[in-house]
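In structure tokens, one chain follows: the form predicted on its own.
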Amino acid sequence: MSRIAARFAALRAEGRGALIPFIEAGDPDADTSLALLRGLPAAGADLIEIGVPFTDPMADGPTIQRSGQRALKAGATLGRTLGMVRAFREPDDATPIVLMGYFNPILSYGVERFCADAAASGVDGLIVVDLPPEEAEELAAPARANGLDLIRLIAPTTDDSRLPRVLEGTSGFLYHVAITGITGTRSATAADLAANVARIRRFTALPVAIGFGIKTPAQAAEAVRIADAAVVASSLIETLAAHLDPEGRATPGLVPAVLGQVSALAEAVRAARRG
């Protein structure tokens, strides 16, 4: 059983949902990014999503775009992102890690080489935003061969005729994009989320995570009452950015502030289904 499947099974047995915080690899620098990553499990992260910086992040809103730009300026690469995961795995062999990004860096790295190196580094799953199912086999086959879960995005516009095609070859969990548009810009209503998640569940037994637009502990709690996990990204990056000095360097309060925010989110997620 993969780390992702094992973690969702354990959470299901506990009767609670998962918190999946997002950080961008290398933002604002490699050491700070690794410190954040290493602190997330103790702060309450059940799974962790790591963004791979890319020069043309078409699905990301301004907050995460700026995060990626800071990381690239600091020297972040796909190879260094895998090195960050390897360093994280030295003390932590349990927390699932999902890389989220775009296909171009993987293609430049070499698809088969990337999948082998990602698995060896301790990566558990991949979300590739710009790779539709019809074009995914080049990545899907080596990902399967290396035990990597390929996690698909399902949008509100993914209709019933399209869902079976999207679900084909999907493993780990499903990422329900709560809104149409880019990350961090607005939030969906609870009624819309409930209707979309119920529709997805008619087609699959995989866990469903809700992302795009979840910012507050209350929204995260609402998400896990509807689905299996809440993904929080832009609001964490906003906190990180608020703790940079005028030159864009990390201040001493950055890591505690972000981890404190994760702790508040985790507390809300853990309490969401009680009673």
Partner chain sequence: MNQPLPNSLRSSPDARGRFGGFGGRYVAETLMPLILEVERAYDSARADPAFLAEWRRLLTHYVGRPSPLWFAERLTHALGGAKVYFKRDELNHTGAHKINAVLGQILLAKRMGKTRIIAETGAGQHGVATATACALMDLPCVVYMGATDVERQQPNVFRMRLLGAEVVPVSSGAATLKDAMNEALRDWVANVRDTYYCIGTVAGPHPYPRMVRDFQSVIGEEVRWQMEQAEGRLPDVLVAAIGGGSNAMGLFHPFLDDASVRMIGVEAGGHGVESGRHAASLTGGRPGVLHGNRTYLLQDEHGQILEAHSISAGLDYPGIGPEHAWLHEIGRVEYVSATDEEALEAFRRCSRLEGIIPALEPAHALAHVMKIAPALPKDTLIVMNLCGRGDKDIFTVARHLGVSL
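Residue numbers count along the first chain shown, from 1. The structure presented is a predicted model; accordingly, all values stated were derived computationally and were not measured.
One more form of this protein, predicted in complex with the partner chain, exists but is not displayed; see below.
Although the partner is absent here, Pro57 is a contact residue: one of its heavy atoms lies within 4.5 angstroms of the partner chain in the predicted complex. Contact check for Thr158: a heavy atom falls within 4.5 Å of the partner chain in the predicted complex. At the 4.5 Å threshold, heavy atoms of Pro132 reach the partner chain in the predicted complex. Contact annotation: Pro142 falls outside 4.5 Å of the partner chain in the predicted complex, judged by heavy atom distances. With the partner omitted here, the stretch from 143 to 151, 99 to 107, 115 to 123, 85 to 93 that lies within 4.5 Å of the partner chain by heavy atoms in the predicted complex is 99 to 107.
Listed residues Gln65, Thr32, Ser235, Gln219 were compared with the partner chain in the predicted complex; Gln65 is the one with a heavy atom within 4.5 Å.
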